[in-house]
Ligand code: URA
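Here's a solo chain for you in structure tokens, the form predicted on its own.
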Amino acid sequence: MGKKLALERIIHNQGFGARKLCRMMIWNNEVTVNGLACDDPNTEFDLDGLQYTVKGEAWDYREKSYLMLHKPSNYECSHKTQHHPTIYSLLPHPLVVRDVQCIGRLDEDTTGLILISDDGQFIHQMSSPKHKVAKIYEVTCKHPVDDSQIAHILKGVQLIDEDAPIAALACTRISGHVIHMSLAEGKYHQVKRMVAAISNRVENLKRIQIGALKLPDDLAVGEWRWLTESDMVKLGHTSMRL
């Protein structure tokens, strides 16, 4: 048997509102646990493998949240947006209440793979430059990209306000106007500024991979899903409790 918690605390911890509201939902038979109704907020349940529903919506108990999102264009990676909707509006409300955060923001016009979590340790390990987690971007440029420009990106380009040239980990030409660029850093507008430094311009930017984790082909723009154990292994994390 693993750790046990009272049903009221379980529902509260999972982001379904204040303790009083959770208690009322349980009293009103709006919560089931492992397929059975329970109207006693103080009933304790084993958290291992716990499945529950709130107002008919099915959930698995998760101590921490680990998600991926296929970010659309014209969304901001902030809880307090200025000009566009927030990516957090694409998530279920209970997850937002749990104060999930995106790991490595994308510009409002950039699309692709974003990781989201409420686990501070995981967020730090995935975002800290010292861990050198590679991010791969699909970059569509305004002008054709030649071999000398790719060589320049791999050798390092000098950006304004940077002390030393910055180089990509890898840079591969996919077609005349499209390259895949791999970076271990996340400086402000870094891809756009690096492409500008080789006398070109980014027309479209999409993050397609983080570490060994690729953006799934079946994850539509604007959709999210939980990270699986296999996903976590690809990110170099095998000890996180999903």
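All values derive from a computational prediction rather than experimental measurement. Position 1 is the first residue in the sequence shown; the rest follow in order.
A second form of this protein, the form predicted in complex with the named molecule, is not displayed here; the remarks below concern that form.
Chemist: Please check if Gln101 has a heavy atom lying within 4.5 Å of any heavy atom of the named molecule in the model of the complex.
Modeler: Output for Gln101 is no: heavy atoms all beyond 4.5 Å of the named molecule.
Chemist: Just checking whether Lys192 would be counted as a contact of the named molecule in the model of the complex - the rule being heavy atoms within 4.5 angstroms.
Modeler: Heavy-atom contact with the named molecule at 4.5 Å: present for Lys192.
Chemist: Look up in the model of the complex whether Leu115 has a non-hydrogen atom within 4.5 angstroms of the named molecule, and give yes or no.
Modeler: Leu115: no contact with the named molecule in the model of the complex.
Chemist: Even though the partner isn't displayed, in the model of the complex is Leu106 close enough to the named molecule, meaning a heavy atom within 4.5 Å?
Modeler: Yes, contact at 4.5 Å.
Chemist: Ok, Gln125, Gln149, Thr140, Thr110: which has a heavy atom sitting within 4.5 Å of the named molecule in the model of the complex?
Modeler: For this set of options, the contacting one is Thr110.
Chemist: Just to be sure I understand the contacts: of Leu215, Leu205, Ile198, Leu50, which is the one whose heavy atoms reach within 4.5 angstroms of the named molecule in the model of the complex?
Modeler: Filtering the options by heavy-atom distance leaves Leu205.
Chemist: Which one of these stretches, 23 to 31, 182 to 190, 55 to 63, 42 to 50, sits within 4.5 Å of the named molecule in the model of the complex when only heavy atoms are counted?
Modeler: Contact-bearing stretch, as computed: 182 to 190.
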